[in-house]
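For reference, the chain that follows is the form predicted on its own, supplied as structure tokens.
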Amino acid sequence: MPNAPTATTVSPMRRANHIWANSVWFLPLGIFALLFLLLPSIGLFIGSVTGGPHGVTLSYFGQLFQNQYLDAYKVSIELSATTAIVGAAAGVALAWAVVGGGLPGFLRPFFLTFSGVASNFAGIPLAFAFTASLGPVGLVTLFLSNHIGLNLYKHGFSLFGFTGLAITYLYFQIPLMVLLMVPALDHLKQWGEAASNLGANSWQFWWHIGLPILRLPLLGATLLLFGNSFGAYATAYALTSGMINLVPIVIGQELSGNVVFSPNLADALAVGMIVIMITVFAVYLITNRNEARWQR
């Protein structure tokens, strides 16, 4: 009579079946990532190292160190960092006003719904809305000039430059930060009630509990805002007519052939953007690992 299977032989089989059953649910996500993230990235890399007279070449990556392309990366990083930091600060303040600032409960769904709509309002409609509001003859510009005596454009402001583009980006960056931080602050509110019951004052709560808990979600949300701004194209192009030196706009120019036509150089520029984003999120992963070790 064959021996009955022992616990040591059945347990690994059950564990394998359990892992496989759980992994099946992630299969659609894996297919999506393969088709729309991994394969396009591989295609960009192949395009960036081919197309030369001698087959495989690194000349397109060498061109990235020319001043015009370095300046494009510099402006893109500055714009993304500025809107990410300002958007994160303003978004956290508004999110805390929703969670712990005494906002009437019936207003919270409307505020979060507006944040969801505004965070996805970008591209040509957003550029037109800001042109109609803060353009040279926009409603806000004329109101300030006629009723307050403040002419924004005589004081050096321009909607179609770096500052104007940053203000436009904040329209969707701040609501996105609100959506990202409201769940974290909801969770933190419970910790605040527990700390208050144990006798902790406001300073003690934020220094020993609030900031350590929010550090990782805040960093992750800020990096997401950075990436959201770093890859934006339609809003910047529609607002500035492609006159600002951003990497997405330069890529569009290389592909459209308005001045030159070099799809391989455009691929190299895109690979450079991917490297920057990987570097940024590597910082987040390292911080996440250190945070997990600290929590253990």
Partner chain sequence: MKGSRVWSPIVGVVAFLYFVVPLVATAEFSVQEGPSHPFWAAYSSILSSPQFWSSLRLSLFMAVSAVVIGLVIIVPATYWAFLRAPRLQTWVEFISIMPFVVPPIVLVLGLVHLYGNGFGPLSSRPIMLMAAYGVISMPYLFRSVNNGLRSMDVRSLTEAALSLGSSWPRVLFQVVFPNLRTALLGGTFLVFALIMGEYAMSSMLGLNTFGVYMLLTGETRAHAAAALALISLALVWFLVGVMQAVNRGNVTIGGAR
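Source: prediction; values computed, not measured. The term rigid core refers to the maximal set of C-alpha atoms that superpose within 1.5 Å between the two forms. Numbering follows the first chain given and starts at 1.
Keep in mind that the form predicted together with the partner chain is missing from the display, and what follows is about it.
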**Request:** Report whether the minimum heavy atom distance between Ser256 and the partner chain in the predicted complex is within 4.5 Å.
**Result:** yes
**Asked** Any of the heavy atoms of Ser59 lying within 4.5 Å of the partner chain in the predicted complex?
**Response** no
**Prompt:** Looking at the partner-bound form in the predicted complex, is Asn22 within 4.5 Å of the partner chain by any heavy atom?
**Reply:** yes
**Request:** Verify the contact flag for Gly116: yes if a non-hydrogen atom of it lies within 4.5 Å of a non-hydrogen atom of the partner chain in the predicted complex, no if not.
**Result:** yes
**Request:** Look at the candidate spot formed by Gly161, Leu185 and Val283 and say whether the partner chain comes within 4.5 Å of a heavy atom in all three of them in the predicted complex.
**Result:** no
**Which of 210-218, 148-156, 76-84, 98-106 lines the interface with the partner chain in the predicted complex (heavy atom within 4.5 Å)** = 98-106
**Request:** Within 4.5 Å of the partner chain in the predicted complex, which residues of 122-157 have a heavy atom? Give them in sequence order, or say none.
**Result:** Ala122, Gly123, Ile124, Pro125, Phe128, Ala129, Phe130, Ala132, Ser133, Val137, Leu139, Val140
**Request:** Using a superposition on the rigid core, decide whether the Cα position of Met243 changes by 2 angstroms or more between this form and the one not shown.
**Result:** no
**Asked** After superposition on the rigid core, does the Cα atom of Leu44 shift by at least 2 Å between this form and the one not shown?
**Response** yes
**Prompt:** Any CA movement of 2 Å or more for Asp186 between this form and the one not shown, core superposed?
**Reply:** no
